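One chain follows as structure tokens, the form predicted alone.
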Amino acid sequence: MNRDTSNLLARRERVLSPSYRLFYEQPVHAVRAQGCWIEDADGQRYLDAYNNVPVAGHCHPRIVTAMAQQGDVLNTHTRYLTEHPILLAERLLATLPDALGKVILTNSGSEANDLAIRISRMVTGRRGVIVTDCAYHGTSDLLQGMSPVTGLPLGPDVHAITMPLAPEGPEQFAALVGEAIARMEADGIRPAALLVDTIFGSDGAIADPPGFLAGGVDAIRKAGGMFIADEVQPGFGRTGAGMWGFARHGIVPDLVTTGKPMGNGQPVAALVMRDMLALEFARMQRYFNTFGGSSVSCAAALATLDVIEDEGLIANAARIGQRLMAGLAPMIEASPALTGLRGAGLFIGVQTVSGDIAAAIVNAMRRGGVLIGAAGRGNAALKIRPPLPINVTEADHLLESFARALAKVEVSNL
């Protein structure tokens, strides 16, 4: 570690809360990024195969230009009549089922999820929420109680289901949701919502079989609750099977939340819902968010949508995702350290035998110039989710790095 990086770490420790955490045993001192690559203070380049925020690639010139041009003209909020929030809502709704007809713009997925829970509880008059046992849905006090992966206790009226790594189908998921509903009702709680990330990213990327979510959606609706699709991680084309993760399951949510990739790094997010829910919420309560739907954030989101469409990034996610899965499969079959491969498009989970092995592989790859992460129970699943424009050469570089890191970890730990 060079002196500048050591000094920056010391300054960080002096002024930032220790609740902030850095990735990797040796932190990456990032100074610039472009496309799928991050460069550190020593000039070393890292292939970013973890960061799902810059969905169109780091510092995409079209998106940067759109933000700068809008910032030079107007940057205000939704209490003035401006075109950008309206245009963004129109563009979002055009990618979604017709049943979803109203948009609220926010700054983050946490805000969108918090609002979705508020609306589901207000409209149904119920309190119960079902999540998965390693879910992460946001940073607010409410959502920390719905994010068991943090290690914090579940919030009041929240029940978790233990998510199988290899679901059998809609009947099994319906039974899991049904059991949670029964536990709730035994405690005198009526269910308001089932809230799931539709790629189950924090659970370790549980994608298949397509359609298995439908059983749980039917179960919650029969019990009088709503289905909230958290698209913060799988949305904006990451699964390679359309714009939204829920589409792989043949379902239409009652509410959809978006976040991280929506502005390619600029804070912007949204809640999309059925018209009836929006009208009922508006009857009960006003809602305004100072920076949600700001002109510059909307410009970033609109440019991101343009790039995803114009550069064929959803098709690229499918194509490169298949290449990565095909390359990883024989390594997983041959390695005693690895036990499973899951995912869709450019959201891939590799199951390891333990959290320690996963951490060793993550750090070995970082030393080799490729950045990935870990998730799931005990952080034992490797999480691979590069920006969508990753190309064949970069994908093959990722696979080569994975093979080298795996070999080193096997020698040292098995």
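On a predicted model such as this, the values are computed, not experimentally measured, just so you know. All residue numbers are counted from 1 along the displayed sequence.
What follows is about the form predicted in complex with another copy of the chain, which we do not show.
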With the partner removed from view, which of 133-141, 222-230, 324-332, 311-319 is the stretch that lies within 4.5 Å of another copy of the chain in the predicted bound form, judged by heavy atom distances? 133-141
Is every one of E179, F402 and S412 in contact with another copy of the chain in the predicted bound form, taking contact as a heavy atom within 4.5 Å? no
Given that the partner is absent here, does D396 sit within 4.5 Å of another copy of the chain in the predicted bound form, heavy atoms only? no
Is there a heavy atom of P267 lying 4.5 Å or less from a heavy atom of another copy of the chain in the predicted bound form? yes
Should H159 be classed as touching another copy of the chain in the predicted bound form when contacts are defined as heavy atoms within 4.5 Å? no
Can M243 be called a contact residue for another copy of the chain in the predicted bound form at 4.5 Å between heavy atoms? no
Could you check which residue among Q172, T150, T124, T339 gets a heavy atom within 4.5 Å of another copy of the chain in the predicted bound form? T150
Given that another copy of the chain is left out here, which of A186, M284, A166, A99 has a heavy atom within 4.5 Å of it in the predicted bound form? M284
For the heavy atom contacts within 4.5 Å of another copy of the chain in the predicted bound form, list the residues of 1-28 involved, in sequence order. T5, L8, L9, R11, R12, E13, R14, V15, L16, S17, P18, S19, Y20, R21, L22, F23, Y24, V28
